[in-house]
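In structure tokens, one chain follows: the form predicted on its own.
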């Protein structure tokens, strides 16, 4: 995790207690071992990908849903982060992306073949880590998320540049491509930790709703920027044809925007930023944030009567609130 962790994540770690920080330290150490253990070239690209940091939200969810636990929880946390990183590397190949979190992507630094091989390595090591838990149920949970991620990518590619994508279709894609891995992280924590067996479904529901809020707000940030926060140009989604909730809402409110052929009109960053301004003027960002807030509230409600230590429940609530705080 980046040394400059967002303030809301710092509060989550404080609420989770010293045990959570120790678990994350073990996770970082193991991620480094995995990245460096498969040859110089792959090791360099994998280590660079992991060193780019990120909030490590998915490992945090594993631990908050699983408790203090033993090495099985660390293996699960490493597995979900490796799978997440693998999808990012492969996405950058598909999008021909030059930057990720403000740093050159593996695709930009090493080319398509190096990036594809790096993503494959991270993907394969994710399941090798999880297999060490000897839990077929855990492997099945992560496999299900992996399949959902692939299906979500196919939906996104099929819908590229389309002017007929509905909010329901968009949310379906978000559930597959983002929420499924959040839900899997929570389920793995419940399966391998100290939560009661019946808590797994409720905790996975919490993760799914958090994932939806995360993706909606990430799509808002792509429109609102600024680039120094995102590490990429405003309107990157527009440039690669990804139809997001702010665009869907704005098209509904602005008939002239709905009539535009964005495939023809948006081919460089300045054009994408101009469309972003138009989306914002339509009031789409506020409506999208409102929907994200709904999912955050639903996430908290999903915890219901799940029995968790007070510090972990508090940390989960803070994590949910942090989804919105990051984009304020």
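Note that the coordinates shown come from a computational prediction; the quantities given were computed from them, not determined experimentally. Positions refer to the first chain, counted from 1.
The same protein also has a form predicted in complex with another copy of the chain, omitted here; what follows describes it.
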In the model of the complex, which of the stretches 145-153, 199-207, 70-78, 184-192 has residues with heavy atoms within 4.5 Å of another copy of the chain? 145-153
All of 45, 124 and 157 with a heavy atom within 4.5 Å of another copy of the chain in the model of the complex: yes
Quick check on residue 90: any heavy atom within 4.5 Å of another copy of the chain in the model of the complex? yes
Is there a heavy atom of residue 109 lying 4.5 Å or less from a heavy atom of another copy of the chain in the model of the complex? no
I'd like to check something about residue 38: if you look in the model of the complex, is any of its heavy atoms closer than or equal to 4.5 Å to a heavy atom of another copy of the chain? yes
Indicate whether another copy of the chain has at least one heavy atom within 4.5 Å of a heavy atom of residue 140 in the model of the complex. yes
Let me know the one among 163, 120, 254, 175 whose heavy atoms come within 4.5 Å of another copy of the chain in the model of the complex, would you? 120
Please identify the residue among 221, 171, 131, 99 with any heavy atom within 4.5 Å of another copy of the chain in the model of the complex. 131
